[in-house]
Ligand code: FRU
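In structure tokens, one chain follows: the form predicted alone.
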């Protein structure tokens, strides 16, 4: 009898342990965060054999930056993640910095065994500065023949070495135009992205460079080059070159810009003048966002970023972990008066977490707020609103409690998120902030989609034309919400859902 009970007891204890590990007050419930310790940039995003792989900058030994290695998690729907052991550990004094992973379908590298494809990671190896040597950053390879569960570092590393202290973050993909692998890699201090080509991932030749252009207030990092469909076009696509900037982001600290153009397999050509600056996210907390390699050609590209800012990442009041990822986002381009602009929409699979449902339409705001509070009671939810007639300020006060709240609103041609009164803000002078983005609504209804997940607020305005990502650390009982308006807006339509945890 004892032997029959033991497995049941063990299973219960494991479930209880997971619930305890992932249920801290600020722990997001449908965004990925590691069980413990520090994480920053997502790395090596790739889809292979029905699994999405998320690698990420990870410190196995603590909750501050250091000992950079690649953590690893897998998912079949981009919402439910299983954390796996460290994939690429720091070794022999060389940290594993940001990079990408590809599926070598035709074994161009020679690393694959048998007739099956293998996974090849291309990453920056970082050797820290010593009293007698400057820091060194080089590009390196590792490969896996068991779906990423174990990895072997290439004995011929590094495969690309310019003898520089700042030369990092390779994004590698297969180019049909060039019939070769292409690498986009940053020269941070020169505000340039270099492009290299290779037939086998081992030997690389320089193809071209891009930059300086756009914003140049800090180092350029984490470049990605992705072919993105144009909405409404018949198989019309353009290429989006995304570049991280730290410091010098629009809202202070780290941020990211993008360029729209063409790529012929050798060179990226910008559609806009070099002075044009386009921002991927207008909040303070989306950085080093990467796209998934290996996606089926019929699917729209998916991007995921690190939800934090280098101004205060080491100070955020979470434990036993620090750092988390944004919701994965589908990418498209939309034609507008000023040209093509990036559109981001939350991954549709998050809808599987929808629970209690709320709908309302009318003009009486007190009635709306009373009805809403009777339905949506959690700290993880999805909220969509459409407002006709936005002549004055309108918006939402969310996660309200103990006199604290976060405001998401629209006024004077701007959509904004104000977290100055959101709760715990004193750990950094750079954290209390009101972030905003220009948004011309005109006579169209104002559309806002808001995803809240305890310590995260992601706003997608006008069907994803503007994205804003911000962390908040609200009081523990803060579950209140209300719609407000200065003036008299027209009809308000609201739909919302409580979102169940993806961790249980």
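Positions refer to the first chain, counted from 1. Being a predicted model, the structure only gives us computed values, none of them experimental.
The same protein has a further form, the form predicted together with beta-D-fructofuranose, not shown here; the description that follows concerns it.
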Looking at 257-265, 282-290, 372-380, 204-212, which lies within 4.5 angstroms of beta-D-fructofuranose in the model of the complex, counting heavy atoms? 282-290
Using a 4.5 Å heavy atom cut-off, are 41, 97 and 310 all in contact with beta-D-fructofuranose in the model of the complex? yes
Residue 47: touches beta-D-fructofuranose in the model of the complex, heavy atom cutoff 4.5 angstroms: no
Residue 90, heavy atom within 4.5 angstroms of beta-D-fructofuranose in the model of the complex: no
Though only this chain appears here, would residue 243 touch beta-D-fructofuranose in the model of the complex if you measure heavy atom gaps against 4.5 Å? no
Touches beta-D-fructofuranose in the model of the complex: residue 448 (any heavy atom, 4.5 Å): no
Just give me the single entry in 191, 171, 168, 180 that has a non-hydrogen atom within 4.5 angstroms of beta-D-fructofuranose in the model of the complex. 168
Interface check vs beta-D-fructofuranose in the model of the complex: of 119, 417, 222, 184, the one with a heavy atom inside 4.5 Å is 222
Could you pull out the residues of 64-82 that have any heavy atom within 4.5 Å of beta-D-fructofuranose in the model of the complex? 65, 68
